[in-house]
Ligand code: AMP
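Presented below, as structure tokens, is a lone chain in the form predicted alone.
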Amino acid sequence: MRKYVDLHVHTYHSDSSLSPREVVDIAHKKGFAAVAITDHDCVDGIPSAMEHAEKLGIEIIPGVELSAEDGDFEVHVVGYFIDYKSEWFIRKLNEIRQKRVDRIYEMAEKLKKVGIIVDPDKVMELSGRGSVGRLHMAQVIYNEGYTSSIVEVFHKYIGNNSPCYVKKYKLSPQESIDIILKAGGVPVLAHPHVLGKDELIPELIKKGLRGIEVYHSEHPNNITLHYEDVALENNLLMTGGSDCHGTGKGNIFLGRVKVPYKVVEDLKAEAARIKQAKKNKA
């Protein structure tokens, strides 16, 4: 029987409504052999997911999703098979998450100027133990009755290039890739169609990018075929996942995107090469 995986899943340790245990339960119900926990700037959900998954015979791939900026564009890089227990890595993620908190307060000030009054503490309360982000802010604005949908919040107020948008902690793509490589992980460009800047891909490869997320919930078939070609032309690993945020984005996407288990084997092999190169360099 062919085994399938989902390599892009969030928990409530970032901006999903699902606990790590719930992610594992859904993955088990959907028949997945493995699932990658890829929270934004956070690895706190990995240990509890692993503990629960072991009982159900599911493999958990330790991951993280980092956000970088290239001019006016956000570039998301997912790292797979990172050393998630590394002290320097955890310190770096804590620093990035603190900048996320600062960003919410800055956004609240901008929103006030256009008549949207948001208490940042409500946003923090909604994010709970997770990395706070724009989705939490959007949920509070929607809950307060300022818009008819969360999508409208992003479109009118806090989406990229919207009047109340505040840039994230400024990691460059090079820094994001370097952090993942230093943590022994495999850096992969997330949802390139959402980014919409294919011309950046060759430059990211020079910076150390090893793969591209070909299969994604927001990639229709023609887009998937396009990025398969891009991956083949540039000798990049092809990964994929649902980018599930629980009900945070309206629907639970886990199960929509199924990637063959061979992708995990390819990532493991690449991670082993990266770790060996680190040892040789040391």
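Start at 1 with the first residue shown and count on from there. Just so it is clear, the model here is predicted, and its values are computed rather than measured.
The same protein also exists as the form predicted in complex with adenosine monophosphate; that form is not shown, yet it is the one meant from here on.
The contact residue chosen from G133, P192, P173, P187 relative to adenosine monophosphate in the predicted bound form is G133, the criterion being a non-hydrogen atom within 4.5 angstroms. Only one of R97, K110, R103, K207 comes within 4.5 Å of adenosine monophosphate in the predicted bound form through a heavy atom, and that residue is R103. A residue is said to contact a partner when one of its heavy atoms sits within 4.5 Å of a partner heavy atom; F154 meets this definition for adenosine monophosphate in the predicted bound form.
Remark: K168 counts among the residues lining adenosine monophosphate in the predicted bound form, judged by a heavy atom distance of 4.5 Å or less.
Contact annotation: adenosine monophosphate lies within 4.5 Å of heavy atoms from the stretch 146 to 154 in the predicted bound form, the single such stretch among 83 to 91, 117 to 125, 199 to 207, 146 to 154. Residues D6, K30 and K258 are none of them found to lie within 4.5 Å of adenosine monophosphate in the predicted bound form, as judged by heavy atom distances.
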